[in-house]
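This document opens with one chain alone, in structure tokens, the form predicted alone.
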């Protein structure tokens, strides 16, 4: 279940209630795989104090002086054991190997590094050149992927309900973004601040996927973990930002319980107060902003969210309303107090019921020249507006 504490965090892509549902409802084979995953997750909780937020894995600032930031990736193979980091298999500058999971992890780390640097000029997830390490083939049929404060760890999935966890770029972007959030706001992983933590990872995980696929907001599927569910499972992904609550409805997994608005907020003690469930509300708000602004979601909507994550006014115990108000302030600061961008942000938070006050900015729709439809010409990666 990978429940972390604030100082030593381990974040998993699969919500614990999905694993528990499978353990209750699945076949003996499915239950065995899930019980093994839950057992591993219990062990991870017991040893989480080994891991600091960023693990002392930084490249010294001095080494980057006068040189552009460079990706530094290393991939290890646990060979179905739970020994970390495992056997070295690939490093920066080396060609692909004959293991698909190794190559997918390597590419996913690189795509996420490129996204943050080219979109927001962030130098790795800690903005100080953190080396990006990953271990693949972790555990036997391990149904999860997680960021432990030092590296990414990927299970192979059981092949019956879940496919290989390296197969989804948004999963990799999601997990690495926990490192971004941790190095900035370090949001408490409980209740609304924890749901914001999960939502921010979904937001930028989706943006990484759209960035790699060169998709505009209206072209994107807005699914988290699309392709992760094995053949025969009744669902399309783990979560839907466009339509929370619709990603899956399967006899073994249960039904996607994410709410899309505050009217359906889930009060629960499980999963640290429903961090994976109620994240659907800020997820939906971001989708609404990106859809209203149009164009590439990471350029304006994503920029506002990034400005907010890195805003020193965002405290570790922030709730939805605090975060929402900061996004409105940051949209106004960057694009203007009467801008359509600020209106889009304001409207979205009201639409999902997080904010109740009347609108105080223009709600005029964006015209084509304002919608950012043209991808930047300098290699297709640098945003034209900051």
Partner chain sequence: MEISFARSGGFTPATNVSGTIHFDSSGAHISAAGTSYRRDLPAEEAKQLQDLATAKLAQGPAEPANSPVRDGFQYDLSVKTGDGKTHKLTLPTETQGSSNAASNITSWVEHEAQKIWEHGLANIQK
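Fair warning: this is a prediction, and the values are worked out from it, not measured in the lab. Numbering follows the first chain given and starts at 1.
Keep in mind the form predicted together with the partner chain is missing from the figure; the text below concerns it.
> Can you pick the one in 208, 105, 285, 187 that has a heavy atom within 4.5 Å of the partner chain in the model of the complex?
Only one option qualifies, and that one is 187.
> Of 252, 216, 246, 133, which residue is found within 4.5 angstroms of the partner chain in the model of the complex when only non-hydrogen atoms are counted?
Residue within 4.5 Å of the partner: 252.
> Using heavy atoms only and a 4.5 Å cut-off, decide whether all three of 146, 178 and 224 touch the partner chain in the model of the complex.
Judged in the model of the complex, 146, 178 and 224 all sit within 4.5 Å of the partner chain.
> Residue-level question: is residue 296 within 4.5 Å of the partner chain in the model of the complex, judged on heavy atoms?
Judged by the heavy-atom cut-off of 4.5 Å, residue 296 is well away from the partner chain in the model of the complex.
> With the cut-off set at 4.5 Å between non-hydrogen atoms, does residue 239 touch the partner chain in the model of the complex?
Yes - in the model of the complex, heavy atoms of residue 239 and the partner chain come within 4.5 Å of each other.
> Taking the shortest heavy atom distance, is residue 113 within 4.5 Å of the partner chain in the model of the complex?
Residue 113: no, not in contact with the partner chain in the model of the complex.
> So, residue 137 and the partner chain: in the model of the complex, are they within 4.5 Å at any heavy atom pair?
No, residue 137 sits far enough from the partner chain in the model of the complex that none of its heavy atoms falls within 4.5 Å.
> Counting only non-hydrogen atoms, which stretch in 120 to 128, 191 to 199, 94 to 102, 285 to 293 is within 4.5 Å of the partner chain in the model of the complex?
In short, 191 to 199.
> Under the 4.5 Å heavy atom criterion, name the residues of 251 to 280 that approach the partner chain in the model of the complex, in sequence order.
Sequence-ordered list: 252, 253, 269, 270, 271, 272, 276.
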